[in-house]
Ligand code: ADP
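A single chain, nothing else alongside it, follows as structure tokens in the form predicted alone.
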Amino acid sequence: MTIDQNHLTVWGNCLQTIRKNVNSQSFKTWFEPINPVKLDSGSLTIQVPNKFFYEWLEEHYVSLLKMTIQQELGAEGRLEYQILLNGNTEKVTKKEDDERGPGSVDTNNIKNPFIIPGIKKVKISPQLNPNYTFENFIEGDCNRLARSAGMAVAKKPGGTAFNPLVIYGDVGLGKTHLAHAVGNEVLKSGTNKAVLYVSSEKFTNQIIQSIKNYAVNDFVNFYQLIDVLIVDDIQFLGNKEKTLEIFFHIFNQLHQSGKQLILTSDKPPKDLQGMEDRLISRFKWGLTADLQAPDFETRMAILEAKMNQEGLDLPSDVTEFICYNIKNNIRELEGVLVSLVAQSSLNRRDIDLDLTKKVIQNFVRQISKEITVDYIKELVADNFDVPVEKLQGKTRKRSIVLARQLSMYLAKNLTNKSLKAIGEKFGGRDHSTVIYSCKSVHDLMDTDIIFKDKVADLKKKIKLSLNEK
């Protein structure tokens, strides 16, 4: 230390080093409010606003502060604090045996933010819904990647390349179900892993309470005990600076310790708003898997699974109508089912297509009018100027064959009927004939622009004519 150094110079030099090692928001939040007080015999005293501020510095920046102080004052350099308490100051001396490296946790007397005061409970409750399992998560093309990744994580939490596992998709597609399923599978394996599910809203509220109670260290230490942490709807953490700061450190400590993180969101990490790049980049370390809207077959499988759980047996035309109209939200499928059962019980009537149509009106603004195979046959026959009966016959006249194939193609694309059901409408033909007809129409559309335009006009006419009904 040179003879002309004073506390302002030393701390100013320290700040230059610190600024290079933390992001701008952290520097502004945790270091700009600090005031250097005095420099005495190799010990720099700094004043911090409150006890929470002191605890946060000691928990998260102890190594950085030690490095900068020793860089300026030598190997024997020390740091002391003055904490403002109700306008007065309290001196705290930094001791070597107080230092804790990243990820170390004193597990004595750690407070559990999920426990209501006055209720003793030592074991960490996972906060999982036991009904959300892999067994009742229906797999389809829309979710196969995410489900497979979730199963891999459940078998070896923290031991795969899928860490973190980020699951994203629109509302009601099963993000929460899948995240819970992973947690439940880990518990079922009997490995004694500490699993915890928390919504972003609850996580934020816990942080607010910990700040009010000067217990941020306890909060962070509690989360360091978790082996598999599931945070739901992380998009709601955006623009919450203190929450994101604490979450960033919890994320880092868990990841560095080989713990598993599972996050859900309504959008991919690159599109999340109000989050720092350093956090976004960490979300990309593992696997990002999306959940898409289920196709008709998957919706049918989901609905049938729900019916089996409830012991229901609905007519096929009812289930097909539900799945044809509820396309983008699995929760709405469940809601329709519950409403149907309620209406049936209250009105003492069987669940039929008429009741189903009335119930679905409460879930969708406009019910898609049914497009039938018979209607398509009539429209195509009229357009080709051939008798509709001929489409069911065995004639090989080119114009009739083309009209028949086009009718099958439109039925495949515009109705929810199976290939077998479509074939039966054309004189009992089998599904392979329908497949061949669809391929023939598709191939002709690729080579004949006039025919392609004709098909497009027919599709438009079918939809418009139904809307006018």
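What you are looking at is a predicted structure, and each value in this text was computed from that prediction instead of being measured. The first residue of the shown sequence is 1; numbering continues from there.
Not pictured, yet referred to below: the form predicted in complex with ligand ADP.
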note = Here the chain appears without its partner; judged in the predicted bound form, the stretch of 312-320, 326-334, 216-224, 390-398 with heavy atoms within 4.5 Å of ligand ADP is 326-334
query = Taking D295, K417 and H431 as the candidate spot, are all three within 4.5 angstroms of ligand ADP in the predicted bound form by heavy atoms?
reply = no
note = Exactly one of L279, M300, I138, I360 comes within 4.5 Å of ligand ADP in the predicted bound form through a heavy atom, and that residue is I138
task = Work out which of V341, A194, M307, V171 lies within 4.5 Å of ligand ADP in the predicted bound form, going by heavy atoms.
result = V171
message = Is it the case that T356, even though its partner is missing from this view, gets within 4.5 Å of ligand ADP in the predicted bound form, heavy atoms only?
response = no
ask   = Does at least one non-hydrogen atom of K240 fall within 4.5 angstroms of ligand ADP in the predicted bound form?
value = no
message = Can you work out whether Y132 and ligand ADP are in contact in the predicted bound form, taking contact to mean some heavy atom pair no more than 4.5 Å apart?
response = yes
request  = Considering only heavy atoms, tell me if K259 and ligand ADP come within 4.5 Å of each other in the predicted bound form.
outcome  = no
